[in-house]
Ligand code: CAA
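One chain comes next, on its own, written as structure tokens: the form predicted alone.
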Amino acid sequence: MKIGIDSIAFSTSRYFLSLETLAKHRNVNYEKYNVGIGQAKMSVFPPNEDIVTIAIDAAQKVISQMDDKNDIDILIFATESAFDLSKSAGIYVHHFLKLKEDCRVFDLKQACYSAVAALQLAKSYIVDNPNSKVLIIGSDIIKYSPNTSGEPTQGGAAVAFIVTQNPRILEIEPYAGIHTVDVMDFWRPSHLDEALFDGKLSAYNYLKSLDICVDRYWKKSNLAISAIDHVCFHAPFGKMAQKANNKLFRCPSINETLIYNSVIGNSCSASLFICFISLLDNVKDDISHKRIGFFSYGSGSVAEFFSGIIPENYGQTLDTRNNLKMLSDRIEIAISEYELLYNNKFHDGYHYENVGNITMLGINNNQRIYRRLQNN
């Protein structure tokens, strides 16, 4: 049975900060950001957007390609930006998507790895329930303290994809190399809004885990390195993925995988799959029947390397034009506004637009209040 990704889409904020603007404000050479870490812009989120609102927008795009959304039996929400230690963020998404009540909904957490964990869980479920479909969402918004090395890697986005049999986008292969080890390279205690990290340790463990995972993948699959045609990496920043590619694969299409991440910033659980969408949208050649390698790294840490085959006619499901339009239509903000939004404050007299048709109104009595916009 062929199982994998049948449709895939992403969403991010309507607002961005140019890293050239940030570099000037921080008195840093822009090349340190653009060349040194491979980033040009970062998505910035107003108070009316959060991981739920952008998740719903991404999910609506993939559901619109389905014949019947009642085929969805499970919704898995992968995130490290959860705002509730009990209630799943996926419950809000389930409500606004108007999915059936006979549907499992839960969150998964393990830094940036959790969406891959969700994919592998979904694959196993489809084996036993071949007529079912699983909706997976990876949604994160990440902040680092101002004037830190992490600041220019901030960003956020949501990716949504449907896992089913006979997929139209990617057929997941049955082997994977996995590596789990306890490392304090990135963490966010429940009382903090911003993540803590050891950048050098994280980069070291990322590359070490890549070596181990790929070696285990080769032993399980009995494939040669030449069997991998393209590779997508988790991209906390573009330079990290480029280093990983140069270390083992040297795939020339690495730049195509990073086009979207370079103007969004780190989207954590969504990052790897946005690299995949970027490859699908921007690679010049037809990649039908090509094998794509995927490396996921979640600090703390869990890493996995797996692969999939692109089916014939995959291009019929792509939404390249709208993806490019979503990014090109974004609104650039000034550094003063970035600093206000960093502190989650509305700018007096300014109306912030939502990327989709759900807005977050605020928090009342410790409850998050969402509303569907009337003009959508």
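No experiment lies behind these values; they were computed from the predicted model shown. Note that residue numbering begins at 1 and tracks the sequence as displayed.
Missing here is the form predicted together with acetoacetyl-coenzyme A; even so, the following discussion is about that form.
S.K.: Can you pick the stretch from 254-262, 210-218, 85-93, 292-300 whose heavy atoms fall within 4.5 Å of acetoacetyl-coenzyme A in the predicted complex?
M.R.: Result of the contact check: 292-300.
S.K.: Between the options K200, K100, R250, R104, which residue brings a heavy atom to within 4.5 Å of acetoacetyl-coenzyme A in the predicted complex?
M.R.: Partner contact (heavy atom, 4.5 Å) among the options: K200.
S.K.: Among the candidate residues K243, H179, R188, K109, which is the single one with a non-hydrogen atom no more than 4.5 Å from acetoacetyl-coenzyme A in the predicted complex?
M.R.: Checking each option against acetoacetyl-coenzyme A in the predicted complex, the one that comes within 4.5 Å is K243.
S.K.: Please tell me whether any heavy atom belonging to G150 falls inside 4.5 Å of a heavy atom of acetoacetyl-coenzyme A, as the geometry stands in the predicted complex.
M.R.: Flag for G150 set to yes.
S.K.: Contact between K239 and acetoacetyl-coenzyme A in the predicted complex at 4.5 Å, heavy atoms?
M.R.: So K239 counts as contacting acetoacetyl-coenzyme A.
S.K.: Is the gap between Y206 and acetoacetyl-coenzyme A in the predicted complex 4.5 Å or less for some heavy atom pair?
M.R.: Judged by the heavy-atom cut-off of 4.5 Å, Y206 is in contact with acetoacetyl-coenzyme A in the predicted complex.
S.K.: Does any part of S64 reach within 4.5 Å of acetoacetyl-coenzyme A in the predicted complex? Heavy atoms only, please.
M.R.: It does not: once acetoacetyl-coenzyme A is placed as it appears in the predicted complex, S64 has no heavy atom within 4.5 Å of it.
S.K.: Which residues in 59-89 have a heavy atom within 4.5 Å of acetoacetyl-coenzyme A in the predicted complex?
M.R.: Counting only heavy atoms within 4.5 Å of acetoacetyl-coenzyme A in the predicted complex, no residue of 59-89 makes contact.
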